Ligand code: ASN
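Only one chain is included here, represented as structure tokens and corresponding to the form predicted alone.
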């Protein structure tokens, strides 16, 4: 317990949280200026992101209904854009992902974290790249100006990213760096950058003309800080969604109502992504481990004190 109290009282938290506060203000202002409406997040739902990698499910039962703690708001972002009056939406979304303890030492994993979850209707990944590039540049500029004293105290010289951020294909980086291309590319980079085309969950759009090519992407922080944002263009056609669920052995039952909406042809074409707030603050403040930027760390495999 004393270690947890010492962590809460750590002198650097005041500077880190001021940087975080400035970054959040910059993001909210950028959204407002670009007419992206904010909606409140949901915490419990019959269906959430299936995360096709090892994790422990987090569920509760309420009046006989089994509900999942939100792993991401991907389904709800798509459904929000059924509203004809909304074409751009975002959420500050708390996520719970009870992942394996082996991720404890990655430096960038929390099992409870927040991301700014963004979704646009009838836009392409190119449109989304341009928007996110602008959002990061705006945020870095604001934080550098407003938090110069705090960044100096933290020993961090925040480099302004050069725009547009570079875009790489996963295949080209794998050919150059091998299986750990994400890690190596992040370590070598001086600015954030995009990587496209990953085989992931059912909701990221697969190119019908290029089987096995996916219109999705991640942003990576430089200096070895790793993944910052994950997203993609979305599947909206019922048959494609079901096909990909079956390929990935995703249990379709929790998604029954979502699939009924899709079967009626109501789901629009959308594109979006989620940017991890704690990971961004970790990079901006130059901290070694993500636990350092949270007052109440939730690190995979570690005991929760408070």
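Positions refer to the first chain, counted from 1. Everything quoted here is computed from the prediction, not taken from an experiment.
Below, we refer to the form predicted in complex with the named molecule, which is not included among the displayed structures.
Student: For a quick test of understanding: in the predicted bound form, does each of 97, 115 and 203 have a heavy atom within 4.5 Å of the named molecule?
Tutor: Yes, the whole trio is in contact, each within 4.5 Å by some heavy atom.
Student: State the residue from 237, 57, 49, 29 whose non-hydrogen atoms include one within 4.5 Å of the named molecule in the predicted bound form.
Tutor: Selected residue: 49.
Student: Residue-level contact is defined here as any heavy atom of the residue lying within 4.5 Å of the named molecule in the predicted bound form; does residue 230 satisfy this criterion?
Tutor: Residue-level check for residue 230: yes, a contact with the named molecule.
Student: Going by a heavy atom distance of 4.5 Å, is residue 197 a contact of the named molecule in the predicted bound form?
Tutor: Contact check for residue 197: no, nothing within 4.5 Å of the named molecule in the predicted bound form.
Student: Answer yes if any heavy atom of residue 77 is within 4.5 Å of a heavy atom of the named molecule in the predicted bound form; otherwise answer no.
Tutor: The answer is yes: residue 77 has a heavy atom within 4.5 Å of the named molecule.
Student: Verify the contact flag for residue 72: yes if a non-hydrogen atom of it lies within 4.5 Å of a non-hydrogen atom of the named molecule in the predicted bound form, no if not.
Tutor: It does: once the named molecule is placed as it appears in the predicted bound form, residue 72 has a heavy atom within 4.5 Å of it.
Student: Would you mind picking out the stretch of 240-248, 265-273, 57-65, 31-39 that comes within 4.5 angstroms of the named molecule in the predicted bound form, counting non-hydrogen atoms?
Tutor: Heavy-atom contact with the partner occurs in 265-273.
Student: Across 162-191, which residues bring a heavy atom to within 4.5 Å of the named molecule in the predicted bound form?
Tutor: None of them.
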